[in-house]
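Take a look at this one chain, the form predicted alone, written out in structure tokens.
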């Protein structure tokens, strides 16, 4: 960090702006942080910008165009520490479903003048294109995790983001397990914590917003459901969602799709 207040820049690629809105939702906390950090570039919040280089760069969104790919290389060169925020930036986002479909057909169906649309056939995470120093997961990111991340960076510490599963958060909230009690297909056992287990608290399954946890094994989870006479196929829709391009999720979804009525072979 520099001797003066460290500089923060927030960039947007292909995304819905939800993670940037989470930053703005910090409100009073953001004002307190602004006393210790110079918000040098954040078009969602202010028109005034400062030229880089920047100490910390936050990037929302995935790479979906050649322009995105070039821009992220420029951003990387201007940021000492580069952090991707949200499912789009860390795993390609829900738009990564295009990776296994006919993008040209999508364009023809959606746009009146498809000849003017220039897009890549894939939506990929930032880390596929440049080195990333840290990833903050979620769709959108969690406000508390964001504040903890910034505070840790200002203190020169390794960010303290939990790597355990959503199931731990359910236990901490004393939430009845929807998978055990209701036989609902739930990604909680293989999803990284960070949302405070909101969906299970309202008797809904975990949708995997924060992506796979460390050493996630979704295929084993599918076999677990099958052994208890539950249909594991609903997991395909959950795995093919916010973090569809995350390797652990995509590989299991493909296995379940290729053998929807057979056993989930290969589980550990």
Partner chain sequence: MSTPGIGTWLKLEKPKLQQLIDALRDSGYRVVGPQVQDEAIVLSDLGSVEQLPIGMIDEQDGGYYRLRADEEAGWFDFVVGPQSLKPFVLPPRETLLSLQNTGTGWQVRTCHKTPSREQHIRASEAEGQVLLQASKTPEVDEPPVAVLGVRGCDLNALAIMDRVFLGGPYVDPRYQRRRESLFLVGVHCRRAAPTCFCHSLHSGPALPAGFDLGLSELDECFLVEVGSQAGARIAEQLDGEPPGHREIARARAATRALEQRMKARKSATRSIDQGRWLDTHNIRQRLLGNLEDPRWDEVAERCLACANCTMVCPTCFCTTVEEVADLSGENVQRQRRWESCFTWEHSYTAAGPVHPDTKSRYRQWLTHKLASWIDQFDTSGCVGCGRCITWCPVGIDLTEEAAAIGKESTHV
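Remember, it's a predicted structure, so these values are computed and weren't measured experimentally. Positions refer to the first chain, counted from 1.
Below, we turn to the form predicted in complex with the partner chain, even though it does not appear here.
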query: The partner chain in the predicted bound form reached by all of 157, 176 and 181, non-hydrogen atom within 4.5 Å; finding: yes
query: Per-stretch contact check against the partner chain in the predicted bound form, the hit in 38-46, 64-72, 234-242, 214-222 (non-hydrogen atom, 4.5 angstroms); finding: 214-222
query: Partner contact for residue 50 in the predicted bound form: the partner chain, 4.5 angstroms, heavy atom; finding: no
query: 4.5 Å heavy atom contact, residue 199 to the partner chain in the predicted bound form; finding: no
query: Any non-hydrogen atom of residue 164 within 4.5 angstroms of the partner chain in the predicted bound form; finding: yes
query: Contact test in the predicted bound form: residue 171 vs the partner chain, heavy atoms, 4.5 Å; finding: yes
query: Residue (of 132, 151, 97, 103) lying close to the partner chain in the predicted bound form, criterion heavy atoms within 4.5 Å; finding: 151
query: Interface residues of 30-56 toward the partner chain, as seen in the predicted bound form [heavy atoms, 4.5 Å]; finding: 32, 33, 36
